[in-house]
Ligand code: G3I
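Quick setup: one chain, the form predicted on its own, written in structure tokens, and binding and motion questions come after.
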Amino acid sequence: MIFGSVAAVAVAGVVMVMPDANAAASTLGAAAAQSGRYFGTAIAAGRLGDSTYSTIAGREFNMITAENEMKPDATEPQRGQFNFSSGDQIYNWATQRGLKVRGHTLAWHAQQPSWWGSLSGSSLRQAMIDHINGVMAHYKGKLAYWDVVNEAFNEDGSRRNSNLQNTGNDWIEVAFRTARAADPSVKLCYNDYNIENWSYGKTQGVYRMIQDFKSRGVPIDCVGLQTHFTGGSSLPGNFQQTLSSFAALGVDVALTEVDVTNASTSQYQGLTQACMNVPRCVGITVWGVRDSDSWRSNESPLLFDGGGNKKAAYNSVLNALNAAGPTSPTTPPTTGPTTQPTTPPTTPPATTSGRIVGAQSGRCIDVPNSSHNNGTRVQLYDCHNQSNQQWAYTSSKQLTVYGNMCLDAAGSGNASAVQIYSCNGQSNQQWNLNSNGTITGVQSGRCLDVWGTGNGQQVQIYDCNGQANQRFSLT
């Protein structure tokens, strides 16, 4: 089984640079966002016509995962012939509501296209590579996370004997390297079940793989713990130790497919609290909206019953999220300053407009090809006087282009893409213009950042470091 803008922390139209620690949020997504995290759910395209379902999903969550619509069998039913209709339906539904999207999944032993069954060895390896490239090209710059590889280990910590494993033991590494090249902006994750107990063989097997990848520079950003708790697999006492141990390797951790037999209030509260206690636990996703939508519907495992009513477990989760308070969950980078320099914000004028010029490069923040499409990632480019480089800073802290498109952060973590998107008033589209020349996201607290100075260099957000690649002027 198996597993984008973060919802506003405040009522639409009300600007909040930092939530009031004393004011409890009333939805799961808003409560998680107070600490810079997300609380998401898995969505099935076929259920979006159910008004109760879609209303709860749009109100409560700020991260969406496609339940089946982005898996290999759905996206490439025939070789080289991709079908993104259902995946795009979910993506569009989510982003129209200002919600982020988590991609699931690119390489897995199950739900493979039927034509993979006739392939093996180098032919199957190439099919996997081509599939990753094709799907990620379609969603490039649009998603917050991708579950690149799913469920590749046995319970004893050895590799699962799948057709992909039989192409060579390096297949997971190849998948991640391919994914990084295909989309440098998205967070790349390994996802698995039964890796919540630190002393379990499978957990240790995955840990050793991540440790090896990080030591050799294999690109991996996060580990997803599915967190399917049943009568025989309940919340382990060392769950927080597991999260902390993975995070200590330099990756984010996320709970990606949560459901709990009979929605045990204590287990839901415990798993949420463990995540809140680990700075690099970036978010929680429950696998479905209501009990009736769950793959385990006979176990009543979710936070809403079949009628869409909140269960006791809902309140235990909401309280734990609210108790976490307004903090940033991301561990500072291991190089550079250990504390972020002070960046006192300026008071926004009624409206200021002009070009946003990089102090290091002398180039302007530019919308490629004068695109008006949601999700177009902005770049550096030689300055000129055309409309795709003309930005207005408004009294509501938005940076707008073309009058109706906003500068938008596609996530809150380091290296999240900066793009244009229809203005929605949410905090990932609000920016502080600071007196030291930095531009910081209200939602993330991170700085606009570029890794180079040349034409086409993409813009991201990153921990503020006071260097010239993070200083800009609006002129």
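The numbering used is simple: start at 1 and walk along the sequence shown. This is a predicted model, so every value here is computed, not measured.
Missing here is the form predicted together with the ligand; even so, the following discussion is about that form.
Take the ligand as it sits in the predicted complex, overlay the site C-alphas onto this chain, and 3 or more of its atoms land within 2.4 Å of the backbone or a C-beta, so the site here is blocked. The partner is absent here, but in the predicted complex a heavy atom of 226, alone among 226, 398, 272, 242, sits within 4.5 Å of the ligand. A heavy atom within 4.5 Å of the ligand in the predicted complex is found for exactly one of 71, 131, 100, 290: 71. In short, of 353-361, 149-157, 177-185, 197-205 it is 149-157 that has heavy atoms within 4.5 Å of the ligand in the predicted complex. Although the partner is absent here, residue 93 is not a contact residue: none of its heavy atoms lies within 4.5 angstroms of the ligand in the predicted complex. Residue contact check for residue 366: none of its heavy atoms lie within 4.5 Å of the ligand in the predicted complex. Using a 4.5 angstroms limit between non-hydrogen atoms, residue 257 touches the ligand in the predicted complex. The ligand is not shown here, and in the predicted complex it never comes within 4.5 Å of any heavy atom of residue 266. Not one of 82, 86 and 142 comes within 4.5 Å of the ligand in the predicted complex, counting any heavy atom. Contacts with the ligand in the predicted complex, taken as any heavy atom within 4.5 Å, map within 104-126 to 104, 108, 111.
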